[in-house]
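Encoded as structure tokens, the following chain is the form predicted on its own, with no partner shown.
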Amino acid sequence: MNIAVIGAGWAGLAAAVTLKDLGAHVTVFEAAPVTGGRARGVDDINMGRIDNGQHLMLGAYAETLTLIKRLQANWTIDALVLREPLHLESADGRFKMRAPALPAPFNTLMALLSAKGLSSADRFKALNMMVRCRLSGWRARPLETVSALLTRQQQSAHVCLKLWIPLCLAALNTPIEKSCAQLFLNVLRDSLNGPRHASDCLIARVDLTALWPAAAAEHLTMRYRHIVRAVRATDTHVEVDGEHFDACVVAIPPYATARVLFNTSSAEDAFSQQMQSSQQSETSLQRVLEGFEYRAIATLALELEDNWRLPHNMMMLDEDPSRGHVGQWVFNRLGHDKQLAVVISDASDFLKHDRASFVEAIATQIREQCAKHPDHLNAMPAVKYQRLIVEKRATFDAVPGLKRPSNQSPWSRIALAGDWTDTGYPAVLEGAVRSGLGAAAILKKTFNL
């Protein structure tokens, strides 16, 4: 069985290694010279190997962790990933929520009840919201936004600012006024309502390509720097830029998927004849793909003049756009005592800003807020090097009612993969991995692999 996979991101590689394990010969086409897609390592002339974006994983990412363990058999998971119990803390120390060592769900419930920086009323209302959501089966109302959900659950402006808005932006990369409440509840369900370890925060100790995508590529036939122009299905094979394969997984973003699948009249004819699957939306796949809108994420990597570490490896920043203080999260770069990574969700095109003033404003934001933290004694050193990376289409716009296709395409020989497929999750790494496994499962069933 000869199978093509288009895209070497986390979804495509998850599909590829699974199909390889089933006995197929897999060829992966990747436009870039490196694996990982939107979660990959990049080389910087001054700072060495950094990531194109700082990603946080959760203990609930069961499929991702299984994949890492399978591909990195010579490493322990603790050598590759730092795992810590749920710990949310503002850079100034005024807000802090940490899960104690208790069985689930008491660990997260106690984290809410003991949260520093919230009034007693806010803590109990947040706890009440979690209990109500659990009793309702973590179901939102139809087309409900996160903002409407929080209003319905009587959450105050302060607890929204300190807790729910940061969590929503981190998970969905979409403002609460527009973001889908059901997707948000799905994340809360699997992390805060799962087993004790599910709410753990996981930060990679190595760059994201080295975490597992590079190891996956070692088992596959890779075609780097190959931008696929067209994928065409027939009754007997799939053509990828004219090359014949028995089947194909298309694991690239929606706009690119539309380009390769619908760039010829023959593809459109095949689509109109075969669009019978009950798993697909009533709207045509082409229109679904073209219906996605996107949001950016910016990551600013900083190298300081001297060694300096945050009080905790991941800290929340208070925003003040009038001063250019737009950072939302700041991370210690593990293994690099002079480096930090700042994340800006739902980002503007900061590449158009004056770089020096932009970097200085965020450095000031970190310096001022950390100076107020009770555990921090030394002032943050000056910035020596910086690298700003903006992924303009980092995630899809996670709005209520968004139509997302299943892994099953209208063609029996083509499966779809990507965090944008109907995984039940927003555009997160676990969703990408699950979609790849789902695409592989479809081809396994179709061809009795």
Ligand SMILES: Cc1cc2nc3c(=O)[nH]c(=O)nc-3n(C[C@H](O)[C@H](O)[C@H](O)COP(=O)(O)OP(=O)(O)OC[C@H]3O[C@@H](n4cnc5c(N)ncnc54)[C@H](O)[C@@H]3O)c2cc1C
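Note that residue numbering begins at 1 and tracks the sequence as displayed. All of these numbers come straight from a predicted model, not from anything done at the bench.
The form predicted in complex with the ligand is left out here; the points below concern that form.
The stretch among 185 to 193, 375 to 383, 251 to 259, 362 to 370 whose residues place heavy atoms within 4.5 Å of the ligand in the predicted bound form is 251 to 259. The ligand in the predicted bound form is not approached by A440, whose heavy atoms all lie more than 4.5 angstroms from it. The ligand is not drawn, but in the predicted bound form it has a heavy atom within 4.5 Å of Q54. At a distance threshold of 4.5 angstroms between non-hydrogen atoms, L167 is out of contact with the ligand in the predicted bound form. Taking non-hydrogen atoms only, I50 never approaches the ligand to within 4.5 angstroms in the predicted bound form.
The listed set L220, V228, M97, I203 contains one residue whose heavy atoms approach the ligand in the predicted bound form to within 4.5 Å, identified as V228. Looking at 382 to 397, the residues that come within 4.5 Å of the ligand in the predicted bound form, counting any heavy atom, are E391, A394.
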